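Only one chain comes next, encoded as structure tokens, the form predicted alone.
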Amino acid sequence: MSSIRRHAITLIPGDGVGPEVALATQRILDAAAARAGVAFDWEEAEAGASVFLKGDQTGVPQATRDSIDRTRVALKGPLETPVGFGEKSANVTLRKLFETYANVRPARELPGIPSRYKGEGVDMIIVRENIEDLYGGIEHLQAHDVAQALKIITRKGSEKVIRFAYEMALREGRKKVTTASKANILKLTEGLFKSIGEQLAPEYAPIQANHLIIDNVAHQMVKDPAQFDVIVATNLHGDIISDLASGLIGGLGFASSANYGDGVAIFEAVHGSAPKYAGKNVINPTALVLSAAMMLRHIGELDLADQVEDAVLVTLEDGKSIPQDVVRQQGGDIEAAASTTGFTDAVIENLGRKPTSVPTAASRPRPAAPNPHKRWPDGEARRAEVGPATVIGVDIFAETLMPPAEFGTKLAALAGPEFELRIVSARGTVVWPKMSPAFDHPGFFRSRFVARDKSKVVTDEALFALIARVAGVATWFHLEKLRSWNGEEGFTRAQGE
């Protein structure tokens, strides 16, 4: 019987420079595996631009989904997605299809790589919630020139990723977890994320817990990045600050990442497809190689992961094979930079060596695959905990060019015996009954109707009748029921309300 350990891996080469960095990574892993009695059964699969061109608007064909469902692990090159038009991101589609709710992006100082913070000990991990927030991609044109995106934050999604961050901190010997949010402005969505972080922190007492507003996190990352250990953030904010973090340690060419779910993990470089460099053999493959090292740890090949990571560190430390992006940053001779294949050859040659200027990979904590066991209350238990919702009114969004005074006066007269018109607002600011002195008409208003008699239940029939009356004055396009739980309002007030 063969003693070779075999692992099936879905390999998605990707678009642009993706096939080049994927091949480089595959060569390094295969070379390292051959030394260690390990073999990879690569299942090559498609996603991204090539799939869109075939008419599949998801960007992720069924064959690719089936492969990941079999292997439970994927290594992926960058995928191209049109900016501002066209199909949805195939990257996001993959993450959401397999519920990889935690995106992990390490950023630590690397040997031989110049940065403004060299020698300061930058070593942080950004944990980004990965499947909700604005990345739900739920958008509408409310009017021809008015666009809306829905920001979805759930208790379950927030608890999963925040627990993940704390569990990872415990396993890796990290000292501090910073929850980052914009709860000072977005009281309900980002506020929910912040409050869940505060609720969970006492369960992880050995870990120092704190909360920072996300703009302060960005400020502090530039001012003193070494203060951070683990940062956990909502999807959009985590995306932005993780790119910022890569800039602290040399750029996106060194930014690895992993997407973890309860059953599937997808590993990828943070950088994009860079089509202008495609086929030129100049791209730096380090980011995907380090992502592959994360993958090896996930599948239990800890020693192999250490060998691959150490070989990269030695190659960077030696300074004999410098990737083009680093040479460009230093203003050096591009012709002297290592090609993609040249850098890959150097890493393979350095397998088995260990760096001397930085800690070896094996000297760092060696965590097991992330899989926190604690879980959140199920839906029924949560409903029983918070009690039933009470409808107390409705926000009606309508398209009109009427001045606020005229529009508000007409709607107030239509409110009927069940409702009163509390305010009319534009872009979140009250414009009726009092108007902002610098009002600039956006072409739509939100009208907030609340029940006159707080002791009576607002019925759908009463709401439908109100909406019909409003429709006689202006074209409505969006409704939000105003609800409360145990007397606590489940909606925010407008500026000036």
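Don't overthink the numbering: it's just position in the shown sequence, from 1. Worth saying up front: this structure is predicted, and the values here are computed from it rather than measured.
Keep in mind that the form predicted in complex with nicotinamide-adenine-dinucleotide is missing from the display, and what follows is about it.
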| item | value |
| --- | --- |
| Contact stretch among 348-356, 303-311, 228-236, 264-272 - heavy atom within 4.5 Å of nicotinamide-adenine-dinucleotide in the predicted bound form | 264-272 |
| Residue 197 within 4.5 Å of nicotinamide-adenine-dinucleotide in the predicted bound form, heavy atoms | no |
| Partner contact for residue 178 in the predicted bound form: nicotinamide-adenine-dinucleotide, 4.5 angstroms, heavy atom | no |
| Touches nicotinamide-adenine-dinucleotide in the predicted bound form: residue 292 (any heavy atom, 4.5 Å) | no |
| Contact test in the predicted bound form: residue 144 vs nicotinamide-adenine-dinucleotide, heavy atoms, 4.5 Å | no |
| Single option in 162, 316, 79, 107 placed near nicotinamide-adenine-dinucleotide in the predicted bound form, where near means a heavy atom within 4.5 Å | 79 |
| Position in contact with nicotinamide-adenine-dinucleotide when the complex is considered in the predicted bound form, options 404, 393, 253, 157, heavy atoms within 4.5 Å | 253 |
| Residues from 303-340 in contact with nicotinamide-adenine-dinucleotide (non-hydrogen atom within 4.5 Å) in the predicted bound form | 325 |
